[in-house]
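Two forms of a single protein chain come next, each set out by itself as structure tokens; they are called structure 1 and structure 2.
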Structure 1
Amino acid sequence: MDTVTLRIKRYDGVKEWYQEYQLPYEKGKTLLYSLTKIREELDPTLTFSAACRHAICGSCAVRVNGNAFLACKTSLDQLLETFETERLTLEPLNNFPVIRDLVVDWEPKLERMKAVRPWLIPSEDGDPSEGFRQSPEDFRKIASPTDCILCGICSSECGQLSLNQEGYLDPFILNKAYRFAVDSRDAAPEEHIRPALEKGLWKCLHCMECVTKCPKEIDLAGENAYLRQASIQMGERDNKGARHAYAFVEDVKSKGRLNEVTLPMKTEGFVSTMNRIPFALRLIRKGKINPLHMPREVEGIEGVRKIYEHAQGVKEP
């Protein structure tokens, strides 16, 4: 190929439009290199964010053909090969207010992050002059979540945020809640966990996009699972998420499979479930559920129950 076409979404604060730029193809270059070349040689009005060029600051994240990437870390050759095209569409991150062109506004997100108190809460009984020593094992618990560079890719890819900006915290904010909740030097993990619970901790869609796209390979889904379990251990069981989890546990232990007829009632309660009758009737007409079907025990149910007994005896690492 001789040229590459970048179709970039522009925004001047009033109107939006797409503008195309053609660049000579150069092997081995990054996406950020291409953006910089456009601004320096073709259009000085093009606006984007970048700083370190080494996947440390996180400021150069953009969407390419609907997927979020860190521009300084992403090979242009890789994109052309992945999408099998010589034409790429660049847009600002999703689920962020746009300031100009590819630059998004972080202020609202950072204000929301304050809710989980992303800092160490020391014990009032401790002596600060003695410092806060930590074992290598305890440090390893926070090593991966601390790698977060606040690039915003997880938020851009989050399906729940696309539906529910106000009632759900960004994955990177939940990462902050986890990072301090598991820190051995923190004296009040519940102060990080409870705000996350109040802001939709159980509403994750399990699409795993935040995990697969994170440039630092942080296990954001695993962190969510920990926060949910910790909230239950704190006594926060009277919510739909916890009740749904307990319903799963009870059904599988009892029969080895879910009872989809009783599951909504165990999760939402009888009254709330009755409000879903029109939806349930549509599912019945389509053959998706059978209200008369009561699941029987699966073959080998005793083995399933032994797994439960073993799990109950296993201590947390």
Structure 2
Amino acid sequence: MDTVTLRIKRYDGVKEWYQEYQLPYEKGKTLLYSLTKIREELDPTLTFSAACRHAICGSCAVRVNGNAFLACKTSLDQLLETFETERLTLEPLNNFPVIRDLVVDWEPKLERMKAVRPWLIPSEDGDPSEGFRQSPEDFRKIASPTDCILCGICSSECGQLSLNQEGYLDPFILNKAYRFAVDSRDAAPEEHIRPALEKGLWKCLHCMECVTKCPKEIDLAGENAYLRQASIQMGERDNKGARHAYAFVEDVKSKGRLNEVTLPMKTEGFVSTMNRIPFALRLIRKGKINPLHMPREVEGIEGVRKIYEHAQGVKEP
């Protein structure tokens, strides 16, 4: 391989186009190196943002062949190998307004972030002059979520956000809600969790794009599960997401397996389920569901129930 072609999506504030740049192949370089080389040697008008070159400032995220990467942390060789090509397509992050070329606008996102009150609401266990003490164990709870560098990769890749920009919060915003909700020095976890709940917390598609692409490997999906559990503990059980999750919890305890026939009723209630009658008839005609079928208890169901009893008394270490 002598040359590498980068096909870059351009935007000058009015029109969009794709422009191709050819670079001599050099082994062991980063994606950011290639972008910098284009700007310095081929086209000074190419606009992208970058600063630290050490995966700390979070400003150089771009999409390559449809997947978001931190340009400074990403090896060009690895990209060429992954996509089995000598030609890569670069675009700005998805789900952000674009300012120019590969540069996106963070202002609206940071405004949105305020919804979850991304600041410490101090407890009375300390005060600003004395400081707030935190045990190593409590610190560990915020160690991973505070790794977030606000690069925007999770927003770009989020399945729900890509379909619904207004009715769902970006994963990094949910991470902020989590980060303060679990902070031992914070006095009001609810004030971080409730706005997330009201802005579509249960709408997450479980696509696992955020956890897969996060350059800091933050367990964003696990944090979402925590936020949902916490919202239930706050008494917020009367919504489709929570009722759906409880349907599984209850069915496994009662029979061991899911009852697909009663699931919509448990999740949506009687009235909405009636709207699903045409859907149900369609399935019955093909034999996909039998409304009279009742799952039998699985072998060992008593043991399953004992596991439930045990779990009730245990908090996961």
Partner chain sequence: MRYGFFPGCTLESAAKELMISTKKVAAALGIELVELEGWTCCGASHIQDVDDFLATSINARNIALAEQLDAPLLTVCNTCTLMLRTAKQKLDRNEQLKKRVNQGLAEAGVEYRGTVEITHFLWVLVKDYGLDRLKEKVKRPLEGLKVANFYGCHILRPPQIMGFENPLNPQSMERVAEALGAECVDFDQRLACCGFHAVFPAEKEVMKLTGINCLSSKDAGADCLVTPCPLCQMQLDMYQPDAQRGFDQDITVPILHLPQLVGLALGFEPAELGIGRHIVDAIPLLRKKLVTA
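The structure displayed is predicted, hence computed values, not measured ones. We call the rigid core the largest set of C-alpha positions that still match within 1.5 Å between the two forms. Residue positions are counted from 1 along structure 1's sequence.
> Looking at both copies of this chain, which one is the form predicted alone?
Structure 1, which is the form predicted alone, differs in this respect from structure 2.
> If the two forms are fitted on the core, does residue 291 show a Cα displacement reaching 2 angstroms between structure 1 and structure 2?
True for residue 291: a C-alpha shift of 2 Å or more.
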